[in-house]
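Here you get one chain, nothing else, as structure tokens; it is the form predicted on its own.
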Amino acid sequence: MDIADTQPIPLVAAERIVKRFGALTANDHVDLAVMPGEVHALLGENGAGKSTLVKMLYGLLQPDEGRILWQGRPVTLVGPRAARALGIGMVFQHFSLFEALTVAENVALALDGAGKLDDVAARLAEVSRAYGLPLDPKREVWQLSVGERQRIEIVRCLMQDPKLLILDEPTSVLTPQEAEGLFATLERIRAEGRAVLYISHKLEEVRRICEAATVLRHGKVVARCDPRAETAASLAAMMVGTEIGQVRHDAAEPTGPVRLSIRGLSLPPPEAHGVALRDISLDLHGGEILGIAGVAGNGQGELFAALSGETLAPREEQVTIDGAAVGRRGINARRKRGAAFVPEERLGHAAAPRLALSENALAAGHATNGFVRGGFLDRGRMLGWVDAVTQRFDVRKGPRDPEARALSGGNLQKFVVGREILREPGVLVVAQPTWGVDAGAAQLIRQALVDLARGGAAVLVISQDLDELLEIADRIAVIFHGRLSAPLPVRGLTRERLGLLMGGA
């Protein structure tokens, strides 16, 4: 017998895959093999080609060269339906759910030939119990936590009986306790002989649950390894091609003056499915980073809007910046007081997709950066600002001044954070500063926030990443159902205690 005939056959394999977008080669002769019953990590920094590759495995894109093999046989995936028919399921980082519909209705919409709604609900309840992902089929999605919404995405994928499950950043919005539940579910899936292709920037969890990893850099495979035999630092070095330094930060009690203050702020929900803010009070001192933890959907967006001036407070004195009451003043007035703001949604909120970077710099800084002189735009100054941000924050782009949508997510994040830090604000409010960025970019952004605070600024960081907050914050408060807990010093604070607070304990 030929030895080759005894070799195990991968469940799915990509051979010499090439995908180009104009002059950009997103995947350059990529090879990937995922075995049955394996949890396989796909790692790489932003723009490395991970998303392009999995979109081809799910039929959303077609390769320009190379081939995809399913259980050893070449296949052409003309769309997601063809991928699902083979046994490939995918759970995307951003959910695709209708909030006004029930859990069962959302699942039925996504299933091919779903049948009667009662039958879908019964099957949904059965699958959710079997995999330890409890769901009430009759509840409307807007009533659910983010963790429960992710369960819907996973359960409706499992109801299609997939042999391969692709997960993109699955723990980015979960509490530690919810993440533990997901890991237990993955163990059940693995035990059944199904495979998981796991994309995550959280390298410690990759080391814990994955038995194989393929690492991409600049569209090419640069390493294959068993992540259990590596450290988080060594995995990160494979991803970026160099050692990544640690953030230099020693947590300390706040001693500087109060630079941002909120007193008794209550606001109704901005829309039907929003969250009301309830009696929010906090003091943010110069020289400190105050972290706001919480599961998504507990009022973080509403709090950011109230701090930035996108939503005005009932009374002027409820929000003060360096002692000046600004509660009834908008975002430009607050910027003129020395505040800066970085919202969670980088493309569409922090940056206009079809505007050049210089025009985005103008949109955010026209009131404070000297871009307008005598009624005319100073385009040289605008371009100089883009150049300065690009150099300091390592923003990788082709042309000098491309449209915002032309940048990868991580590079756009570095631009919008850097654009505000370069102003040297006295107060900075930033939401999800490193969401979806690679280890190198995350270290750069986090160190810049620490350095800004140590220079005397007051920095408020809203983040769902507990590791991030524990690394850079001096104090952490938790927001739950629109209420803010008292801030706790980071020293001695554990992930478990924060997780309980995030769950409402």
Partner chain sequence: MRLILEKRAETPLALRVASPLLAVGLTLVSAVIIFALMGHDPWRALHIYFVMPLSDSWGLQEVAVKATPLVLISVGLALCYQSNNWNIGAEGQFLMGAMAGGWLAVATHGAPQGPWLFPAMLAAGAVGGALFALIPAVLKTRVGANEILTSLMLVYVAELLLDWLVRGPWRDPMGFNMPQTVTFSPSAVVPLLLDGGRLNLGTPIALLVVAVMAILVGRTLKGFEIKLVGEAPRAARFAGFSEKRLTWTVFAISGALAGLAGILEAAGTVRMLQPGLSPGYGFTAIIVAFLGRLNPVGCLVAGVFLAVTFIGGENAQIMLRLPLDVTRVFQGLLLFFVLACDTLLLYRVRLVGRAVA
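All of these numbers come straight from a predicted model, not from anything done at the bench. Positions refer to the first chain, counted from 1.
Keep in mind the form predicted together with its partner chain is missing from the figure; the text below concerns it.
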Contacting member of 256, 132, 80, 348, with respect to its partner chain in the predicted bound form [4.5 Å, heavy atom]: 348
Contact assignment for its partner chain in the predicted bound form, among 283, 230, 359, 178, heavy atom within 4.5 Å: 359
Any non-hydrogen atom of residue 147 within 4.5 angstroms of its partner chain in the predicted bound form: no
Non-hydrogen atom contact residue 93 with its partner chain in the predicted bound form at 4.5 angstroms: no
4.5 Å heavy atom contact, residue 116 and its partner chain in the predicted bound form: no
Contact test in the predicted bound form: residue 343 vs its partner chain, heavy atoms, 4.5 Å: yes
Region of this chain that lies against its partner chain in the predicted bound form, out of 384 to 392, 328 to 336, 258 to 266, 83 to 91 [heavy atom, 4.5 Å]: 328 to 336
Triplet 71, 409 and 427 all within 4.5 Å of its partner chain in the predicted bound form via a heavy atom: no
Residues from 357 to 391 in contact with its partner chain (non-hydrogen atom within 4.5 Å) in the predicted bound form: 359, 362, 363, 364, 366, 372, 375, 376, 377, 379
